[in-house]
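The chain below stands alone and is given as structure tokens, in the form predicted alone.
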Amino acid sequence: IPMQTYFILSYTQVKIQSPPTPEMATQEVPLNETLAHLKTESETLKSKLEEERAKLHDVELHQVAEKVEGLGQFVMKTRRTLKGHGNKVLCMDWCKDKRRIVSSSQDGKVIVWDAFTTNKEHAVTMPCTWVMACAYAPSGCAVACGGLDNKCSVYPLSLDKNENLAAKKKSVAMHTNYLSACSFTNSDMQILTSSGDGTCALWDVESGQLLQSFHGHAADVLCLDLAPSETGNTFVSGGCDKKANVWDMRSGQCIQSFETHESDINSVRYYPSGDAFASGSDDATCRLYDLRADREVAIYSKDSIIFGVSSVDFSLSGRLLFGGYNDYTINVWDVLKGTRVSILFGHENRVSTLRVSPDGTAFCTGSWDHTLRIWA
């Protein structure tokens, strides 16, 4: 037999003699370690945890609040309208001076406004459209922004109105997908970002160095909020995996996780005391989670509300929860009683962002109708 044919024959013999059997593959792995078994085990543990959580659930928040006096009628209306963006307003933030606002838009513009006079003080055109995140530095001397460029850029602001801000731009954070939210920590020197790549990250502004990354979401992270400074180094994030996670900024670990929403979480905001937080979701509900009770304590919803919540924030006292909705309205909820106390109309397209001013006297909303409104 020619050598070549011999090799082919012997090769096929080997092939015929030992067909790879799927049974052999599973025999190697002990039965208690198959993927299906591990999945059921994790589900069992999950339900056990839920049972333990439920044991602590003795009373509903609205039952405790029954004796609390109800809120009277109050009038809130648009006091200022800020016009200047050429496309959907996607994000806004107040300056600590209670007067200035930074906003970002789908047209690639980032504008700093005087909310009282409605004048524009600075404007930056970003290299990309869809600037989905912006934040004011605590000192009021810089703004941060980013979006589909996957970056977070910091622009120092100066008193000279004619200065070219773009020349002083500093790229701080780099993600592998779009930037969904950013927030300075209690100083101008560190910035926290969340991204469509499923992570959050803490960066040093000066060097652009990554200080800590936070992995735990199974899909895009859409929002984050820092705990009020007295309560320590934690922040909460929400995302497309329907989860709200609470993180320790020092260790990078997720310390609490809540999964009761039925769709993407678009917005999270800490209660002023730092002991709870609210979330707003595409499932048309806002929810309140108590960190000490480790559970959801209230749902703010009505059968007539079928559109998603894009943004939530608390009044300074924590008694009111404001929600910006995709049906162009703002709903105001009584946090304790779980009832809606007001509904505000004015925007001509969906409300995309909502923030209460630092002194609690007003709140600002941004909308896809290209405008921002100040309400009081």
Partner chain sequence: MTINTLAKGGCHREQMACFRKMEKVIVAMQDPDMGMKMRNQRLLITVIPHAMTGHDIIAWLTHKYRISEEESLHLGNMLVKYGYIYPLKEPRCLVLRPDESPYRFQTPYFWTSTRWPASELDYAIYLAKKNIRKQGELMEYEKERYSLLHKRINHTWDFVVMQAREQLRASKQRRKADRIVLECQEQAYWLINRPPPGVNNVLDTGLERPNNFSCRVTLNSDYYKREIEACRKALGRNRVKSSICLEGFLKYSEQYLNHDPIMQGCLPSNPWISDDTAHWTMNAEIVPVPTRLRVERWSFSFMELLNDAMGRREFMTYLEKEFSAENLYFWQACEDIRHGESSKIVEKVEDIYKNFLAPGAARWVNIDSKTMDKTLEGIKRPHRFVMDDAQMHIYFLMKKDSYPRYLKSDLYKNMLAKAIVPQETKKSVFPFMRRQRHSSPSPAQTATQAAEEEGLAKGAGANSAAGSHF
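Residue numbers count along the first chain shown, from 1. Keep in mind that what you see is a predicted model, and the values were worked out from it rather than measured.
Another form, the form predicted in complex with its partner chain, is not on view; read the next lines as being about it.
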Identify, from the list His175, Lys242, Arg269, His85, the residue with a heavy atom within 4.5 Å of its partner chain in the model of the complex.
Lys242
Examine Phe235 and determine whether its closest non-hydrogen atom to its partner chain in the model of the complex is within 4.5 angstroms.
no
Mark Tyr155 yes when one of its heavy atoms lies within 4.5 Å of a heavy atom of its partner chain in the model of the complex, and no otherwise.
no
Hey, in the model of the complex, is Thr329 touching its partner chain, heavy atoms inside 4.5 Å?
yes
Can you check whether Ala218 is within 4.5 Å of its partner chain in the model of the complex, heavy atom basis?
yes
Site check Met126, Ser171 and Ser311: each within 4.5 Å of its partner chain in the model of the complex by heavy atom
no
Residues in 330 to 344 with any heavy atom within 4.5 Å of its partner chain in the model of the complex:
Leu336, Arg340, Ile343
